[in-house]
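Just the one chain here, the form predicted on its own, laid out as structure tokens.
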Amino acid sequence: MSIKRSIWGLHGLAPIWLQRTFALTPFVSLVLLYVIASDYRLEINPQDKLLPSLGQISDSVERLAFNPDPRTGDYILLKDTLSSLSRLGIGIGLASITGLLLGLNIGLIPATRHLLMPFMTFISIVPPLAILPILFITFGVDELAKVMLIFIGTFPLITRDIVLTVRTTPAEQITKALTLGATTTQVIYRIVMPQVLPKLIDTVRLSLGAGWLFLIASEAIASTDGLGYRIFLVRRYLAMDVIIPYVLWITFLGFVIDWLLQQLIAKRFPWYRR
């Protein structure tokens, strides 16, 4: 009984091997459940497309990732991945820079806060997907509209999060800096900004989910390549052997990006987690 409490209680700590077992259990269970369901459906109907076998999925992955397209000579999965990551990186990058600069100035300068904060609140409430047709009409159906959707969908969240972080900066720190002769610009960009950079990276991590959503939505409507484009292209053929690997690949990319950002925070800003 005491062992059960030590693992499951509020202050319990399971051994490392048990922690890893717990972490793997849901994934293994999901794969087993899928294999069982797929075998059952294929046994009833060998032409069933809803739950392809692992062998069919493997064949599709080999065709898309390791065999060049007969018409273009491109490796389709690689081309789609590079296109999507390029759009996502530019959109999130612009949103991060804009959110950082606006957040610093809104959070520290009262006049700027009174001028822009109500507008930022308004912008953050507008559903980005609702204005997607406007973006396509305004910027065309090329890359700019897709990047703008990611930008508009993520920079208000980043800005407001930076504002909240900046507002927690101790007033004594700013007062001491001004007393020692620092200018307003120096206070903002040399004293406060280095302290909020790890928070910016954390906020970008949280914004990536929304960024992927806006990316896939824009690629599904108007694009000739990209991960979202490929998923919506093959859905008309019920090609689940392509859709499932693409969804898993997007999930893996998101996990890797999130992990890399966490490592950046740990290496560059070790004081932040403490």
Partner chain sequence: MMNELKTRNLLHLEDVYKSYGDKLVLDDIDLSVAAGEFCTVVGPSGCGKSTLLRIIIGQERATSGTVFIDGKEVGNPDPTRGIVYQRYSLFPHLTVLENVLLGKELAFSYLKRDMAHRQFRDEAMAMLERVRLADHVHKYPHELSGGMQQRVAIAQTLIKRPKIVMMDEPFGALDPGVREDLQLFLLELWEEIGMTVFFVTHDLEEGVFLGTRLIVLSQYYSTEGSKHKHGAKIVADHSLPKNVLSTRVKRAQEFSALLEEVRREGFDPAHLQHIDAFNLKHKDSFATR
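Everything quoted here is computed from the prediction, not taken from an experiment. Numbering follows the first chain given and starts at 1.
A second form of this protein, the form predicted in complex with its partner chain, is not displayed here; the remarks below concern that form.
Q: In the model of the complex, do 63, 79 and 84 all put a heavy atom within 4.5 Å of its partner chain?
A: Negative, none of the three is within 4.5 Å.
Q: From the list 138, 121, 173, 112, which entry has a heavy atom within 4.5 Å of its partner chain in the model of the complex?
A: Looking at the other structure, the residue within range turns out to be 173.
Q: Answer with one of 164, 129, 97, 182: the residue that has a non-hydrogen atom within 4.5 Å of its partner chain in the model of the complex.
A: That would be 182.
Q: Can residue 191 be called a contact residue for its partner chain in the model of the complex at 4.5 Å between heavy atoms?
A: Flag for residue 191 set to yes.
Q: Do residue 101 and its partner chain share at least one heavy atom pair within 4.5 Å in the model of the complex?
A: Heavy-atom contact with its partner chain at 4.5 Å: absent for residue 101.
Q: Spell out, yes or no, whether the shortest heavy atom distance between residue 134 and its partner chain in the model of the complex is within 4.5 Å.
A: No, residue 134 sits far enough from its partner chain in the model of the complex that none of its heavy atoms falls within 4.5 Å.
Q: Going by a heavy atom distance of 4.5 Å, is residue 178 a contact of its partner chain in the model of the complex?
A: It does: once its partner chain is placed as it appears in the model of the complex, residue 178 has a heavy atom within 4.5 Å of it.
Q: Could you tell me which stretch in 84-92, 71-79, 193-201, 141-149 has residues with non-hydrogen atoms within 4.5 Å of its partner chain in the model of the complex?
A: Result for this chain: 193-201.
Q: Across 248-274, which residues bring a heavy atom to within 4.5 Å of its partner chain in the model of the complex?
A: In sequence order, 270, 271, 274 come within 4.5 Å of the partner.
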